[in-house]
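As a starting point, one isolated chain is supplied in structure tokens, in the form predicted on its own.
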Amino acid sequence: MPHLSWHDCRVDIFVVTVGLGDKIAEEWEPLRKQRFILAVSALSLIATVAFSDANAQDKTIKIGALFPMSGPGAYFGAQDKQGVELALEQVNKEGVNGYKFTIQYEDSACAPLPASQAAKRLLDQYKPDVIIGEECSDATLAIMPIIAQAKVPLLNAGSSSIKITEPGNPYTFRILPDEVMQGVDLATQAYNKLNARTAVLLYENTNSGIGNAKVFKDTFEKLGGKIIADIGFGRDVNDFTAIATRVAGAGKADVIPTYTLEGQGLKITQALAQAGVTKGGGGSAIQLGTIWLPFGFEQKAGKAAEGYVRIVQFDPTDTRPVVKNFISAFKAKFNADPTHLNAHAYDQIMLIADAVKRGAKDAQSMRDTLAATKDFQGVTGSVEFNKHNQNIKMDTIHYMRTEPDLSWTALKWN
């Protein structure tokens, strides 16, 4: 019998039987069986690889991000993204319970209409397991019902309006203190620590601006303080000379709580100093603020920012290991010091990763697991959600004061 090559073995056994007889067919039968076994094994391997690939794709947590990348709050989006990217880099090194994390950003522009449109794009096209954002309260309030209808949890870190968590939305969570928590604390600290007895309120006419000012007013007056002027303004106001003059003529103000975004905040602060009202302009009034302003505001405002006391969500002088490690990693990646916006965005991702570690794997289980959060330790502070999904921990409220050399001092008030 002539030598048969592997190539010859591809001849069908039927042809062999007809052309060479039963004897040769019998000799070729083992080769045919071997060929069949190899083919089945190859198909099995392909199926296994395909299943593994599909399974790996299923082990993904999809995060949607609604950040203001344009408009007056664009600085929020830029700094949020840095914090998010650092956190994702860290959690994706090894994954969490076998899961990796992906993200898609949409520009929500710090306004209701573009935020709503961006939320719909994320839900329709990306189909996320969880969404983070927005920063501005009016935009957050607009997207909440859209996201809740889709039964996707929304994790917020920057919007302070009480309407976001009261009377409650089962799919909306907030890790920062709301306007009542912030306003009560700010007014109490002003009265007790700064010995303030008179105040002028300056605020933009938005849900958050009006709400923050009202809480401060109610608390301050209850303590025995007096509001000598209550001034709201639209986001279209660019010249604050007239308002500063009005403040100067209202009488001696010990503190001036100011609720506005960075652009108008700079102009207000400089106008008040030029009018000789605040410490930066030789006056005695101390300007107060909340988390609306980014780190670096004092360098932009210059001498006018002297004495400014404001709430921030992150204290870089905090000695906890989680804070030290975050600062070190941020500097290594971005060659800059982290801001409180970087920090609270970072914490959003880390809280999501913590929820996955506790068993979250899709939108509904993510919602349920987030709701059960009691002792998360982040770089901004700790998180424990109440029945309205509002963080009740006050260690996320930090205070800083701008010094004459434009450096700042952390005030250990909480």
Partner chain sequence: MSDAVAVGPAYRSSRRRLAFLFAALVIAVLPLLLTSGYWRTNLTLCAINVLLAIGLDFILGYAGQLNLGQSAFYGLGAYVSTLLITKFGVHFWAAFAAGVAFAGLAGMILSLFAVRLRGHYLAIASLGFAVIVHQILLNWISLTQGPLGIYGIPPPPAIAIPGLPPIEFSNQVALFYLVSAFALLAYLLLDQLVRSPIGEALTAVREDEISAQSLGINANAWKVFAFGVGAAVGGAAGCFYATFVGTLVPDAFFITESFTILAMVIVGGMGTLIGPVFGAILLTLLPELLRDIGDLRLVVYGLALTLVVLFMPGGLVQGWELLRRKFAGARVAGGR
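Because the structure is a prediction, the values reported are computed rather than measured. Numbering follows the first chain given and starts at 1.
Not on display, but discussed next: the form predicted together with the partner chain.
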item: Candidate from Asp254, Glu306, Asp107, Asp318 lying within 4.5 Å of the partner chain in the predicted complex - any heavy atom; value: Asp107
item: Partner-contacting position among Ile131, Leu202, Leu176, Ala118 - heavy atom within 4.5 Å of the partner chain in the predicted complex; value: Ala118
item: Segment that reaches the partner chain in the predicted complex - one of 292 to 300, 245 to 253, 218 to 226, 139 to 147, heavy atoms within 4.5 Å; value: 139 to 147
item: Contact label in the predicted complex: Pro114 to the partner chain, heavy atom within 4.5 Å; value: yes
item: Distance check, Ile210 to the partner chain in the predicted complex, heavy atom within 4.5 Å; value: yes
item: The partner chain contact in the predicted complex: Gln377, any heavy atom under 4.5 Å; value: no
item: 4.5 angstroms heavy atom contact with the partner chain in the predicted complex for Asp239; value: no
